[in-house]
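Okay, here we've got a single chain as C-alpha cells, the form predicted on its own, with questions on binding and movement later.
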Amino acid sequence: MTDAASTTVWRKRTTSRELAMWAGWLVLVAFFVFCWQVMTQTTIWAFVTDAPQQAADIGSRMVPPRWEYIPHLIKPMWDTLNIATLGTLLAIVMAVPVAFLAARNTSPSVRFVRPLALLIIVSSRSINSLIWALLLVAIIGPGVLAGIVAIALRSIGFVAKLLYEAIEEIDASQVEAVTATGASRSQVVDYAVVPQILPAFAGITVFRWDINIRESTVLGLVGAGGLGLRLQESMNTLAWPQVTVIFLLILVTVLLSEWVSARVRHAII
C-alpha cells in the first residue's frame, strides 16, 4: 500500500514559474496604466462625457442628405479614380525592377544590391500616403499630381514586397531547364520567371488598386485633390447634409472597387 504522504502531486508550473508569470502580469498592468496616463494627461474629460450628445446633434444635422449636391461631386470623383489608377500604374513601373533586385534568385548582387532594394521597400511601406501627400503638396503644390505621386510612393513597397516574395517562390526546375539551353540572363527571366509570376502580379496589382481607391478618397484633406477636398470644404462650412452625400458616395465607390477587384482576382486566379 502506497503512503499518501509520499504521493507526487502534478503541477502545471513550478512555484518559481508561477511567481514569474504573476510578476510579468504585474509589470504589464503597470505599463498599461503608465501608457494610459501619458495618453490621457491632456484629455479634457468634459468633452468626452459630452461626446454622445455632440454626435447625436451632428447626426441629426446630416439627415436628410443633400442629394442635389451630387453633380458637384462628379469631377472630384473622377479625380479620385484617376489618383488611384494612375498612382497604381506609376507604382508598378517603379516596383517591378525593385522586386527583381530584391529577390534572391534574380538580384545581381545579394550582398549589395538586394539590401538597397529592401531599403526602398521598407521606406515606402513605413510612410503613410497622407504623410507623402503632405510632403508633396509642400514641394509641387496642391492638386491631383501630388495625390498621384503620393499613392505611387506608398504603393511601391507593397507591390515590390509581395512580388519579390512570389519571385523567390517560383519553380527552380523551370529556370534550370531554360538556363540549360544556353539562354542569357534576360531570356531566363522572360521565359522562366515572368510566366510563373504573372498570376500573382495581376492579383497584387488589382488588390493594390482596390486599396488605393480607399486611400485616395481622403488625400484631399491635405490638398491632394479628389473627394477629400470637397469633404474638407463641407466640414469646414458645417454643411453636414453634403458630408452625408460624400460619405455615401465614398461607400458606393469602395464597394464597387471591391466588387471589381474580387471579380478580376477570381478570373485570374
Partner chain sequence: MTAVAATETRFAQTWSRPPFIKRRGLRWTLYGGALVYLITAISSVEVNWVRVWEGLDRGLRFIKGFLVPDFTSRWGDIVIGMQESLTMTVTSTVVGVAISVPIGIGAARNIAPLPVYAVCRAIVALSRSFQEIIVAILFVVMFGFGPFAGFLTLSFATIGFLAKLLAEDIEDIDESQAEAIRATGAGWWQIVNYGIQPQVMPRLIGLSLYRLDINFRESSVIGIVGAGGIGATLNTAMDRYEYDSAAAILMLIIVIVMAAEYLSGFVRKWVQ
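Positions refer to the first chain, counted from 1. Source: prediction; values computed, not measured.
Keep in mind that the form predicted together with the partner chain is missing from the display, and what follows is about it.
Among the residues 90, 73, 96, 81, the one placing a heavy atom within 4.5 Å of the partner chain in the predicted complex is 81. 144 is the sole member of 144, 117, 103, 156 with a non-hydrogen atom lying within 4.5 angstroms of the partner chain in the predicted complex. Although the partner is absent here, residue 240 lies within 4.5 Å of the partner chain in the predicted complex, judged by heavy atoms. With a 4.5 Å cutoff on heavy atoms, residue 214 counts as touching the partner chain in the predicted complex. Of the heavy atoms in residue 245, none are within 4.5 Å of the partner chain in the predicted complex. Residue contact check for residue 18: none of its heavy atoms lie within 4.5 Å of the partner chain in the predicted complex. Taking the partner chain as positioned in the predicted complex, the residues of 37 to 52 that bring a heavy atom within 4.5 Å of it are, in sequence order, 38, 39, 40, 41, 42, 43, 45, 47, 48, 51.
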